[in-house]
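Single chain ahead, by itself, as structure tokens, in the form predicted on its own.
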């Protein structure tokens, strides 16, 4: 890939999705964009990127961006955050919410494994949860909505007992059971968009392994949106090793729970009459 093509790709990812694409990932760009170029009828990746310069607005540019995003995920990734949610947080929150309803946002949900894992944990605890899964990649969302996964995908994170409890066989794959499908909905969303959360704020937000690839100022913008989307004392789960940043007054870390942060109440400003 020519340096000027890579610079254009860097700019596209940064301005549209907030992601910082470093030069050591140039090999990854060729690998991931080759299939997109062939699917869209271009002879090479260079021709594909030229087309995004000529037509910067449209589905082609988003296809390029989606191909470059890190979409790897699996069920109950890292396990401990999901155990904390299902065994402690969700039951506790449900006792103080009207109708026992707990609202959860899986931000950057990929192909849906995180959102479905949250539904499993809530259902297993007998908690009425309303879960929203969002992602920038339309193809990933289509898979999430279908709730259909290969044997390899369900084996990543699920024990045999959990698989039989929450999935049903479908041809040579596994489909999410109906009892979970009513708990989760999926929508396309760009975390860079400064829009208010739909239908009110959330009790818990999972945004794991999304911020680490973002440019610093864009990351802060996303954190501000996540803060605004949480209720007072709401909980934010980030990936292990991720944090809202040192000195960020919006969140405080929970001791002994890596990746878990609680929204900090902001002091109210009283204006003189």
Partner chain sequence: MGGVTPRVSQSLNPVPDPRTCLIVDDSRIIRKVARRIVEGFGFEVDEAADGAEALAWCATALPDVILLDWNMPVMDGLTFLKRLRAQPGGDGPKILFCTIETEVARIAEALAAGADEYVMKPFDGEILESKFAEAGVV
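From a predicted model like this one, the values you see are computed outputs, not experimental measurements. Numbering follows the first chain given and starts at 1.
There is another form of the same protein, the form predicted together with the partner chain; it is not shown, and what comes next is about it.
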item: Single option in 186, 166, 174, 82 placed near the partner chain in the predicted bound form, where near means a heavy atom within 4.5 Å; value: 174
item: Proximity to the partner chain in the predicted bound form, single hit among 97, 139, 156, 145 (heavy atom within 4.5 Å); value: 156
item: All of 6, 14 and 193 within 4.5 Å of the partner chain in the predicted bound form, heavy atom check; value: no
item: 4.5 Å heavy atom contact, residue 76 to the partner chain in the predicted bound form; value: yes
item: In the predicted bound form, segment of 147 to 155, 124 to 132, 108 to 116, 83 to 91 with a heavy atom within 4.5 Å of the partner chain; value: 147 to 155
